[in-house]
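Just one chain follows, in the form predicted on its own, and it is written as structure tokens.
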């Protein structure tokens, strides 16, 4: 079968100690049996390693940060599209999704397809309102509270809100376990300096963290889902190794949630499994996670399936995956010519 040629714009090229999903998404697309892909990297910083991985990324353009507004972003995307004629755009950062979702119709008018969550889906799964999400969809969620000042910790236990330990979490990324006021305040300021307010305090549930990557078609059907347990975790809380699980209860919970929410696009469910075999949802990431290549290696090429859904191509749900597949990340030194770095710095494209 002759492969269909498409040009895909992909963000999240920061394949570092806190990796973005861009590079593993690209690897999945490169291994597609249906598509012949040309990859256009969309980078925020000129030291994102994916920019210089020329075997994976054909050309890279810098784009403005989401904080500058969706209009500035769209003007840049329209320029890139005039040069590259993009068929599809896959954003991979939580912080940029709002801008791309808001611009979805505008993108469609210039021929760029996306497959992103609906705005309502995106908003109702925020960490700050996750307890309400749990009540609505009948899934257990730890209690949480949004705070704006570190002075909250001085009265937290006195007011019987939470007892230590607690999780201190950013609105987009980062989470720290705090066992006392000092640790909680330190975590608060680390997150505040990086992501701003609000900060979320979440009840600490003891158990084993298990994650699920999944893809919903927007009609309530699960196209694919693969559960994983982290085997090695970095000091940033990121999985550096993980193994696929044959957890039928976790898969059933995921499929029920996708059916009820009619989730559209990729997602990651972060769960805690207690000793009593109860599952608590602690976070929903509204896009494919950085460990998506494990799903590809286990037999479910979710990046390829997402691309098909975006382009209106029929996709049959995956029936199985390999249990016991392990991923292990490693560092790798790229040797880059200074002239490439200078060109990207001067002209915002390489």
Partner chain sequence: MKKLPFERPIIKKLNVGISNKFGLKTELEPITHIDNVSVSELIKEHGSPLFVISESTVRRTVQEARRAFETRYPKVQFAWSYKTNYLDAVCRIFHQEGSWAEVVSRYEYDKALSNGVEGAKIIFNGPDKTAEDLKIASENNSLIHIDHFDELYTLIEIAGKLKKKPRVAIRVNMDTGVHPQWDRFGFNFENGEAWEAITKIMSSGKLEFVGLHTHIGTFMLTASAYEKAAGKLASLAVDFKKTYGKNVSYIDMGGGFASHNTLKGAYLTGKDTAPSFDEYAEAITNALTNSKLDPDNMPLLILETGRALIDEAGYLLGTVIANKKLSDGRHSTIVNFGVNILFTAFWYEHQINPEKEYSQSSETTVMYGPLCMNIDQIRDSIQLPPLKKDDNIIVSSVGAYNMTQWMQFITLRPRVVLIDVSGGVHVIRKNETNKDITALESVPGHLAKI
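Residue numbers count along the first chain shown, from 1. Everything numeric in this text was worked out from a predicted model, so none of it was measured. Under this definition, the rigid core comprises the largest set of C-alpha atoms superposing within 1.5 Å between the forms.
Beyond what is shown, the protein has a form predicted in complex with its partner chain; the following relates to that form.
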| remark: In this chain shown alone, the residue from 49, 286, 297, 66 with a heavy atom within 4.5 Å of its partner chain in the model of the complex is 66
| task | Find the only residue in 185, 229, 256, 102 having a heavy atom within 4.5 Å of its partner chain in the model of the complex. | result | 102
| query | Okay, which stretch from 177-185, 245-253, 220-228, 71-79 lines its partner chain in the model of the complex, with non-hydrogen atoms inside 4.5 Å? | reply | 71-79
| message | in the model of the complex, does each of 148, 341 and 348 have a heavy atom within 4.5 Å of its partner chain? | response | yes
| Is residue 280 close enough to touch its partner chain in the model of the complex, meaning at least one heavy atom pair within 4.5 Å? | no
| Should residue 241 be counted as a contact of its partner chain in the model of the complex, where contact means heavy atoms within 4.5 Å? | no
| Contact label in the model of the complex: residue 34 to its partner chain, heavy atom within 4.5 Å | no
| field | Contact of residue 164 with its partner chain in the model of the complex (heavy atom, 4.5 Å) | value | no
| Taking the rigid core as reference, does residue 147 move its C-alpha 2 Å or further between this form and the one not shown? | yes
| query | Against the rigid core, is the Cα displacement of residue 280 between this form and the one not shown at least 2 Å? | reply | no
